[in-house]
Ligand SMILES: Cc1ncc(COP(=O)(O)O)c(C=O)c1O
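Consider the single chain below, provided in structure tokens and representing the form predicted on its own.
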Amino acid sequence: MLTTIRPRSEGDLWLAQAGGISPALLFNPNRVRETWRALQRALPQVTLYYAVKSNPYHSLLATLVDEGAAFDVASAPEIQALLPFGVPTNRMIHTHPIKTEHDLATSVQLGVTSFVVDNLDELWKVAPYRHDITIMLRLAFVAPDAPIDLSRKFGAQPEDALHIMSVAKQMGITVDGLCFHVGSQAQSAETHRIALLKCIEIARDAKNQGIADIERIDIGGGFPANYSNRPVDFDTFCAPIREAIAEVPDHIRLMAEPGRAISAPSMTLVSRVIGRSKRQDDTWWYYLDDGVYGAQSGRIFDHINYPMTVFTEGGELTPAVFAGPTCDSVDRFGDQESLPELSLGDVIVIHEIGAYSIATACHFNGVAPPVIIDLEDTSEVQRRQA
């Protein structure tokens, strides 16, 4: 059940946390720490690089810097966002397989030395920097249970890996790593396991043929967020990965790029009903002060139906549709087969909405994205009291 109904008075508690502001995103650094540490415990032999693209909010980055995180960046501006926190560039990997020449040059100038390619043409772009950088070759592995497929857009076919690495060697480019991303929101880590074992095989063949010495394998992201109202058990999810890790040679370091799993639980949206009207088929339409052009773009881009709590004293159950505050007909979401009649001002709280929400929000129709309010960091409080 993704929609929970609670008394209207309880919604005032959420509004109070938001300082009476709506719409507002409540950022909870404690959730960031909890999920980061849980994933570290599930993958103790893997260095985690947070995928900045999933949510570049400065307080989230600061929290992860405090946790000692490394970072997965996909552009020079993402590198520049980390530098004020004192993050050394050797704790960053630039993972965009297709880079503009300007972004590549700027990223190298900023000091990043680890990059990703997935095709022969990209080798020509990185060739001028061959003495300053090392390369990971991205391979395509598709998880059939991942609703967001990244391997159609990026990744060389595994059977082409040795040829690409051979060309790189002829060009004097050091390929010292392999990487993959099985897709976002995978239901299991079985494809991670299969892909990691294949990368071990490719690394062995590359060594035996004198093509490349693979020293690191990046297993990407795909770790799930809790969009189903059932907490994610990272230890259970990562069990297949740990099984494959047992086969990794001692000289190969392991890396991963969690993004959504860390950023999704970091934010909760507090919104209110700003309008309502009974439309066709006797269906109530409820208009919120945030929609798909604000924090809820994931409903369209990633086809996510977020868990939400509705605070109301409504009575009769009727079909309902939620819509956002813009004039675009696309700005609708969360169709409900049965919902108590809502009133103006009722609070709607949408959970697990930190991933890609503010990263893709815009000012369409002149409507600003939600403000962000930082909740108390209990770790920081404990440090001050110590």
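All residue numbers are counted from 1 along the displayed sequence. Just so it is clear, the model here is predicted, and its values are computed rather than measured.
As for the form predicted together with the named molecule, it is not shown, yet the points below apply to it.
Contact with the named molecule in the predicted complex, judged as any non-hydrogen atom within 4.5 angstroms, is confined among 246 to 254, 169 to 177, 222 to 230, 277 to 285 to 222 to 230. Between the named molecule and the residues 307, 259, 298, 265, the one pair within 4.5 Å by heavy atoms in the predicted complex involves 259.
Screening 333, 36, 27, 356 for any heavy atom within 4.5 Å of the named molecule in the predicted complex leaves a single hit, 356. The named molecule is not drawn, but in the predicted complex it has a heavy atom within 4.5 Å of residue 184. Residue contact check for residue 290: none of its heavy atoms lie within 4.5 Å of the named molecule in the predicted complex. Of the heavy atoms in residue 51, some are within 4.5 Å of the named molecule in the predicted complex. None of the heavy atoms of residue 312 is located within 4.5 Å of the named molecule in the predicted complex. Interface residues of 82 to 115, taken as those with a heavy atom within 4.5 Å of the named molecule in the predicted complex (partner not displayed), are limited to 95.
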